[in-house]
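Given next, in structure tokens, is a single chain: the form predicted on its own.
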Amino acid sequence: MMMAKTGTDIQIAICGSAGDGTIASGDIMKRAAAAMGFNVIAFDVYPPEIRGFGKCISRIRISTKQTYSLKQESDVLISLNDGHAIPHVGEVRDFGAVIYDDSLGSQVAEGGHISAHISPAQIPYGFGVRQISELATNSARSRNIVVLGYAAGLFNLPSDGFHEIIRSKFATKAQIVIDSNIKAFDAGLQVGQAVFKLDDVEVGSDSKETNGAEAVMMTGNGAVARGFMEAGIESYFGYPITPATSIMERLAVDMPPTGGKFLQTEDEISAIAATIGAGFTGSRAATATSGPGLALMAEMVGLGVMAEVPVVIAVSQRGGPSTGLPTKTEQSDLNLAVFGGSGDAQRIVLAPTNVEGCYRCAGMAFDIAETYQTPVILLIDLYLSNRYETVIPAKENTFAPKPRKKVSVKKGEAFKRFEMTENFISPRAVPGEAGLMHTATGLEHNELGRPNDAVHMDMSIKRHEKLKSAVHFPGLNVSKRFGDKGPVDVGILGWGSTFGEILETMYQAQAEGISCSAMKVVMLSPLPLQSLQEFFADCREILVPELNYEGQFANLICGALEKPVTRLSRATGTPMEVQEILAEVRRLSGQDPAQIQIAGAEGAQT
């Protein structure tokens, strides 16, 4: 295998139409790379139509170093459909590769073939994809596997790992299907290995330090499901909705063998109602939805707050409002997650920034919900839900439930389920425990749980004050600062999936000589005010990039700290671009653009 002197960092984009096997070939590539020991980040784009017409793109970044986002420019573009791939030729870097089918089965309109759009600075790799597929398998349907083999041959990747992933992917199919796909891969591999390689990208082996656990490829949704399972989830009620559905699908398979109770309900309202009912009985209960579903759940979330019932709600955001953009990403449900509902109904909201964070936040969410006796919302988005990353889970399960503290009352005394304690967290009992009968209601109530509107102010204080210590929950990084310490010119503040692009921006800015730091905020409610105040005190300028139109996180921060920020709000349905954030950092830094450009060019060569 060819070894890269400076390590591997290659991004491959596969572009085709629905039905071309674009996503399937991308899945094989990323899993094979992960099995070889590389760090992998991957994200798929697909059409919203149920019938599946339209463009599909699978982007995979393979690296020997830790990376935090996809690159803006790909090193390789593989075309399975020229009509869809042509608009993305400009996204390939100079001296990058464009792999395409140069065997024309019929006449093509002028400008309709991708070869007419490849710039002189890009390296074309055309070969007879369809012909090779038909010779190898008697069908053109294996074109996606042929080009996968060609790319593996071009970069001298070993075939054994790909064979293993292909066998695994088609394990439920007939043996002839597995054999046919391996044959198609090997046919493309042989051609790719024989090509004189002009591109300067090299792929080398990698050995990664681990904590003794095996590195695995996970999506954000898969990580949430795994975290739930390791936390001992006992009850799940849900209704399908893009992009959260795969959480439910995974739990439908994993929960029954462990004795868990799983039910697909008739709608989101019944899902959250059943979840709260199960949480009231002491069961570790959860549901998952997206923005439209959370809007329907808002009233019942308020019940969970009022009755102090611990439940977990995973919310994967998509473009809105209403049905909006079901297959596009957005960070526009922050207001709904933090404030949605009638009255003062504060709840805990966690927003992990990467796939490993999804796993850890989901694993800890039940313990947090039970500690503070409140709903916990796990807020992610489509970009994070569908993004693949290499994750090293904990070697030992640290999320398993702890024994619940037993409650007792003196003989003849009534149990004060909502007792006003020193830390505002009341003793909790579940139905059936002797001597601990109590009332639970959505009406305002006294310490016994009986309706009483005279204590509304006191109980409002209780429900809010008890959450303040959540920012110090053991083992949870509610916020974290990266980059330069002490005073800096520019601080980048972010949350959720956008923080990967923020980190990449910060490192590029530092390479250009800009004094820069970045901070992620994982707990959006309650906010970690002390660490935010310290970050603001150190930064001359604060930039807040986020994927929504209104600047919802910026509004939340400005309202809490009464300090100004510079907003970079985008609602494009696609992830934030590093270069766009970097341009704003450069502007805010006040440095000479000519000097920055020179420093950036020097940094890129080292």
Partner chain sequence: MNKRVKPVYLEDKLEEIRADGHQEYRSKSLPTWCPGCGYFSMAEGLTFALKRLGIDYKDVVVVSGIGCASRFPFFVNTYGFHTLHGRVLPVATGVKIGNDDLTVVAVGGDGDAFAIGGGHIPHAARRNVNLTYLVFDNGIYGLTKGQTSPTSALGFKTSSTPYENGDVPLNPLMMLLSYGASWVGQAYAGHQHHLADMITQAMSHQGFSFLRILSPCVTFDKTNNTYSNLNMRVRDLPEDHDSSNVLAAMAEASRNDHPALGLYFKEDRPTLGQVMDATIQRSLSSHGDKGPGQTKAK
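Small disclaimer: the values here were computed from a predicted structure and weren't measured. Residue numbers count along the first chain shown, from 1.
The same protein also exists as the form predicted together with the partner chain; that form is not shown, yet it is the one meant from here on.
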| property | result |
| --- | --- |
| The unique member of 474, 111, 259, 120 whose heavy atoms fall within 4.5 Å of the partner chain in the predicted bound form | 259 |
| Interface residue in the predicted bound form among 331, 354, 374, 219, criterion: non-hydrogen atom within 4.5 angstroms of the partner chain | 219 |
| One stretch from 360-368, 504-512, 317-325, 243-251 that, in the predicted bound form, holds residues within 4.5 Å of the partner chain by heavy atom | 243-251 |
| Contact test, all of 226, 263 and 440, partner the partner chain in the predicted bound form, heavy atom 4.5 Å | yes |
| The partner chain contact at residue 299 in the predicted bound form, heavy atom, 4.5 Å | yes |
| Contact label in the predicted bound form: residue 80 to the partner chain, heavy atom within 4.5 Å | no |
| Distance check, residue 458 to the partner chain in the predicted bound form, heavy atom within 4.5 Å | no |
| Proximity of residue 528 to the partner chain in the predicted bound form, heavy atoms at 4.5 Å | no |
| The partner chain in the predicted bound form - contacting residues of 409-437, heavy atom within 4.5 Å | 429, 430, 431, 432, 433, 434, 436, 437 |
